[in-house]
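Listed next as structure tokens is one chain, alone, in the form predicted alone.
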């Protein structure tokens, strides 16, 4: 009887162990994914709304895709969207709310470099990573080691644009226009000026304007009289649209190309300037025609969801969410900003819609730029 009882006890223990083991497996399989609260500071109103609106769309699409697979990845993104209204002071309010009230693990944004120059210092002091998705002005990542960006700087894009245009079109002299009251447009002007000089292209005149200006006739009339081979402009899209439309209306011929900085990279240019935008040339970090499989899937999904193709700003926002996901997985935590910062610094050759993506040692984006031209109302790769 003792032997039989002993055998029964052993069998019972084995069955219990199996039950407990299976229970543990089921428990782990059904465990809720860890939540990562990420703040988004975007210009949903104001001068940069044309960029911020598509940035929000691109980010939301990525979040929906990631959260649909949260059971597999173990991570769910909890977004907190805020409108910085294209204003640095509002950006400060937004960052303080995201960092100290919402207690996000990271912030994606803000839209404008002007705002980033102020707000990113707050995130740096708080020890929370911030990932810029359209900040291209010089010095943004110099703010500190918690500041990153997946947007190529004007220094990375403009010299390549000037070089390509000079070789293909043989331009020898240009007129240069820029917004003198914005960090982004001023930075673009500085880079354009150096790139033009390095390519031995003469600048026949420099003309300035301010954010919110609508009448550029005085500057463009002066430019027309000098008969440049091209008009080079560093502007946000609202002013860029007016300059392009008025240049053609005032008689600067279509044979004189208009070359823009990163601010031109929005469908709003074609929407606002109409046919005058045809043949505008601009450097970019992304083009929708890329054969990258991830990009093709992104363009299809975005177009199906929002009814129009994505622009560069949507693509960079979409990519940023996936860059964050990669870093979150490698950091081993969803609520440790310091560990996330270290993981972000280690992003290397990540497959994204922007192509193979890495951060430089200075936390700037490292991916290949492209030169675009407007054809039939859309950005296409220049020379194709």
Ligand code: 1QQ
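Please read these numbers as outputs of a predicted model, since none were measured by experiment. Numbering follows the first chain given and starts at 1.
Keep in mind that the form predicted in complex with this ligand is missing from the display, and what follows is about it.
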| item | value |
| --- | --- |
| Listed residue (131, 244, 112, 233) with a non-hydrogen atom within 4.5 angstroms of this ligand in the predicted complex | 112 |
| 4.5 angstroms heavy atom contact with this ligand in the predicted complex for residue 280 | no |
| 4.5 angstroms heavy atom contact with this ligand in the predicted complex for residue 263 | yes |
| is_contact(residue 119, this ligand) in the predicted complex, heavy atom dist at most 4.5 Å | no |
| Contact label in the predicted complex: residue 137 to this ligand, heavy atom within 4.5 Å | yes |
| Stretch in contact in the predicted complex with this ligand, which is absent here, among 200-208, 303-311, 162-170, 255-263 (heavy atoms within 4.5 Å) | 255-263 |
| Contacts with this ligand in the predicted complex, stretch 171-185 (heavy atom within 4.5 Å) | 184 |
